[in-house]
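Only one chain is included here, represented as structure tokens and corresponding to the form predicted on its own.
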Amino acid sequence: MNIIKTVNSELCEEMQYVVHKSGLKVYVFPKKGFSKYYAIYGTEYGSLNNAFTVPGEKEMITVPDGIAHYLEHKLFEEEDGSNAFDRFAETGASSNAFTSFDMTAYLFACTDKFYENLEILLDFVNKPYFTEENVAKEQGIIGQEIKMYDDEPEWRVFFNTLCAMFHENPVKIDIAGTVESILHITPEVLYKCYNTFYNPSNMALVMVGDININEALKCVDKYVSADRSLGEIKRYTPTEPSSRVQEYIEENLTVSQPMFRIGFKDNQPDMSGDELLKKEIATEIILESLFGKSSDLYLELYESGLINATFGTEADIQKQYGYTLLGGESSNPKKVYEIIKDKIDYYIKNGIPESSFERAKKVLVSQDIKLFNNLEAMGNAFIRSIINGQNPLEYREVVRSVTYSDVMNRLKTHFDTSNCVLSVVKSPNTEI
């Protein structure tokens, strides 16, 4: 196998990359002298992928909502009744996993026995074991998790925002599904999803630390079979109208102060690589320029008491969906909503100050430099970049390539105040 090495001399960082014979993309980011190791093993498969065509078949199938998250839970369970968490604990490693809208990932961090832990990771992810009994047992556990999140104000204000923005895109569906939907999950459908999306050519393994890639590849050879490369996966994403579903959505839960999110829907999906990254960076520059903690608007809202330190921004710009959120706590979220819309319209008409644009770019570059001091943050960020077809070591070059014109165009197309939404969660007797 041909190991490709890329060096960023400015950062003094290196990336080693190889495509395994199975199709698995393997990356090592060497950190000489570090006593900690981190590995993350992910597949481009999340809650969005509830309709697809299995490689080699012609008919599209639809699976129950929440199955990607369910599958993540079940993979940790071993055939002998133990689980992978126990195996990691025996080596002193900490392990975890997560499912997002478009990715599922399994990870561990350790200070010793890296290759032993890597074998555990590769072993259990590549050795599914589903039975009627263990699938049924998990339904109660995940059902309780779903009910818990149904009563979590932060989760509700977030998902209500997505429901107000998106008509058809399954990003609006809770990642864990519903208590009703998970009742339809069976071993057969779990194996079908596993065999489709846990195809090595649909996966990536990212390792950060003082790691020898050849030793790591010996572990990969042992557990990842070349025979499992199945070919193209046809994913179905419904056509999404450009319009919002509704401008305002409200839910009553017990909170000390109303929570709110202002949402902007991305109507330019189906990008990847540097094109997608430039769009994400332009969005982040806007958020830092207009709503960062040193911006005029943030100071105005904070000093007037309309927001507090919980106010923040979030941009999630991916291949199959995208949105930007602003929010926090406020005694008067509707007034904050109107002020923010007016300010956005002002900047669309008059332009973002070029000094703010340049400062925001410097902030993004400095954040990228800091990233390389945190192995977990590196691994989590880089597997996302890799799945999106981007080179993690070239992030700063892409930031520098984003022009003022790119940012203004993004402001005008994405931050459409006639198509944004306001989601509020408040206590039942609170008037806003």
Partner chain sequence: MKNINLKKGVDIHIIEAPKFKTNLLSVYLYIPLKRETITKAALLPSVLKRGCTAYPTLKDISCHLDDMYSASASAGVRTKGDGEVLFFTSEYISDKYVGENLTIPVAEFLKEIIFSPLTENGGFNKSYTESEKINLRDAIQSLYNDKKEYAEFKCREAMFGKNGCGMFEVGYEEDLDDITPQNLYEFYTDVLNTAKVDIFVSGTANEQTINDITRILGSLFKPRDAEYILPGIKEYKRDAIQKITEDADVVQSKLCMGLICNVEPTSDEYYSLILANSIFGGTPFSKLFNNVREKLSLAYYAFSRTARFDGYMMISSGIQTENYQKAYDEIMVQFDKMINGEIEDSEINAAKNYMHNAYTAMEDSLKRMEDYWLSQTIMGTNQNISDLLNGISAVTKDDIISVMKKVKFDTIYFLKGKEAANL
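Quick caveat, the model's predicted, so the values are computed rather than measured. Positions refer to the first chain, counted from 1.
Below, we turn to the form predicted together with the partner chain, even though it does not appear here.
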item: One residue of N308, S225, N212, S272 in contact with the partner chain, assessed in the predicted complex (non-hydrogen atom, 4.5 angstroms); value: N308
item: In the predicted complex, the residue from F357, Y198, Y298, F166 that sits within 4.5 Å of the partner chain by heavy atoms; value: Y298
item: Contact test in the predicted complex: G33 vs the partner chain, heavy atoms, 4.5 Å; value: yes
item: Contact flag, K370 vs the partner chain in the predicted complex, heavy atom cut 4.5 Å; value: yes
item: Contact test in the predicted complex: L393 vs the partner chain, heavy atoms, 4.5 Å; value: no
item: Distance check, K349 to the partner chain in the predicted complex, heavy atom within 4.5 Å; value: no
item: Location of the partner chain contact in the predicted complex, chosen stretch of 320 to 328, 336 to 344, 286 to 294, 185 to 193 [non-hydrogen atom, 4.5 Å]; value: 286 to 294
item: 4.5 Å heavy atom contact with the partner chain in the predicted complex for all of K5, A216 and E314; value: no
item: Heavy atom contacts to the partner chain in the predicted complex at 4.5 Å, residues of 150 to 165 in sequence order; value: D150, D151, P153
